[in-house]
Each structure stands twice: as C-alpha cells, then as structure tokens.
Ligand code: NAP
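Given next, in structure tokens, is a single chain: the form predicted on its own.
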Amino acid sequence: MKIGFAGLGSMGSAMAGNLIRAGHEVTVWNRSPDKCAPLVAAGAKQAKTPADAANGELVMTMVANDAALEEVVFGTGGILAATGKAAHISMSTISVELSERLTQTHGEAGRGYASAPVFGRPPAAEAGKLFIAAAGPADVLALCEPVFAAMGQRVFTLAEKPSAANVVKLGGNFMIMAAIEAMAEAMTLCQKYGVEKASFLEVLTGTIFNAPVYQVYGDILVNERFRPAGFTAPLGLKDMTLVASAASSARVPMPILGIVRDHLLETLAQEGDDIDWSAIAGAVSRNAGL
C-alpha cells in the first residue's frame, strides 16, 4: 500500500519503520527534515511537504499537539492541499474539538478521515505492539486493517464518529496518570514506615494489580528512571489540559485530574522539560518530606 507518514518523533519513527518492514511503500515528512534520514535509508521516500506525502491511499499523522496537526493539515503545503485523495488517519493525542473540526473539513474536501490514537510507549511502538483505538467510517477503517496490523497487537473499533477514539485516548491517559499518582502515594506511605518501594511493588503486581500499567510504571517509580523520558512531562500536561477541556465542555467533575495536573506543573518547575511524566512521584515524595 502507498502510505504517507507525517511526524517522526520517537513514536512516529518507530511506527513508520514497521510499515516499511511490512512491505508498504512509505513516504515520510517531518518538520525537522533530518529525522527522515534513517527511514529513507530503510527504503522510504522523503516528501518536501505534508501534501506531497498525501498522494497515496493513506496519509498518517503522529504529531505532538493540536497546533502541530493544524499546521500539517491546514498550513501551506498541508494535507488538504494535496492533489490526491488519500484518507487521513490521525494517530496523535488531540482534542475532541479538533477531531470534530477535522471530520467536517475532510468531509467537505471529499477526503476520508479517521482517528486512531495509540496506547504504548516507544518500545511497544518499535516492537509493533501498540494498542490502537480507532473510530471513523467503516470503509476508511477497512483500508487501514493491514496498516494497523503492522503497528499494533490489537485494534479496538469504537464508532463511526472519529472523535470517539480521541475521548477514549484522553480518558486512558488520564487513568495512566491517576495510576502513577496512586502508586507514588502508596509507595511514599510505605517508605515512611520503612518498607522498600520494590517490596511494595512485588506485592502489588503479584496480587490484584498485575497489569501492564502497574508493572511498567511501577518499575520506573522504584528505580526512579525518569530520564531519558519515554513520554515527557510537557506532553503529559498537554494531555491533562485536553482532558480538562473535554470534561469542562461535558460538565464532568474530575477532582483527581486537578491533583495530577498540579504535580505535573510542580515537576516541570523543579526538573525541566526533559523529564518523564511519571516523575510526578518526586513531587509526592518531596511533599511527604522524603
């Protein structure tokens, strides 16, 4: 399949690489062109603009935030300026509002659109083991099946309305942050009573909390492995801000959200932008006098 891929951060590069290895004809674009080089060496073509990457059957985007995606889609040389009619699959974590705007504008342009954000950190992306939450028209999602198979271990098809996938992704990222917060608080409590974090985690994951989010992030918290960041605190704050916006629009109180946002802000103030979002554990332990 002829596929365009825009956005080559740690996640996007791994995802595009899996498409190349699966035998797809991939054209890549990134705002910083040098990031295209490894993929070009692996067999991809390099596009000068997102529009140049959008002349096949699909064009996929994996960018940092709403503003970046708006530039890729609506900017000069953006996807909507392409002469071809590649369906656009947004795999970024974006706002519900932007997803609804993209649905409308792509429809007006006669171009298919679907949302397919992913769950998983960079190692999962490299291994082709992402979980994909997909929503959009049935014909567009059917076209994506072999592409998703190259990148993920399971696809959850949610609805024909693309924004359904975006709200699921935001809800999931909120739950990851809430789990990190809860583990950090419980570990800190145990430490104050002389129980090592590793011992607590062994009990936790060996009994009723034996799930990937507790295993992966629990290990990070025990070893305080916050650099290099797998998912940076600024991106975490961005996502929690999107959750807050969606919750406000729907009149949904989310008191835990306020706590994790404040701890993200404290972490950024203390540690800078290159820290993993799980480093909010440091704010919990500092506030407890550890």
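Keep in mind that this is a model prediction, so the values were computed, not measured. In case it trips you up, residue 1 is the first one in the sequence shown, and so on.
Missing here is the form predicted in complex with the named molecule; even so, the following discussion is about that form.
- With the partner omitted from this view, the residue of Ala53, Val63, Leu264, Leu221 that lies near the named molecule in the predicted complex is Val63 [heavy atom within 4.5 Å].
- Proximity to the named molecule in the predicted complex, taken as a non-hydrogen atom within 4.5 angstroms, holds for one residue of Arg101, Arg121, Lys129, Lys85, which is Arg121.
- Residue contact with the named molecule in the predicted complex: Ala37 places no heavy atom within 4.5 Å of it.
- In the predicted complex, the named molecule lies within 4.5 Å of some heavy atom of Gly7.
- Residue contact check for Lys169: one or more of its heavy atoms lie within 4.5 Å of the named molecule in the predicted complex.
- Taking the partner from the other structure, the named molecule in the predicted complex has no heavy atom within 4.5 Å of any heavy atom of Ala281.
- When contacts are defined as a non-hydrogen atom within 4.5 Å, none of Phe74, Ile79 and Leu143 contacts the named molecule in the predicted complex.
- You can rule out all but one of 243-251, 64-72, 39-47, 256-264: in the predicted complex, only 64-72 has residues with a heavy atom within 4.5 Å of the named molecule.
- Residues from 26-45 that approach the named molecule in the predicted complex with a non-hydrogen atom closer than or equal to 4.5 Å are Trp29, Asn30, Arg31, Ser32, Lys35, in the order they occur in the chain.
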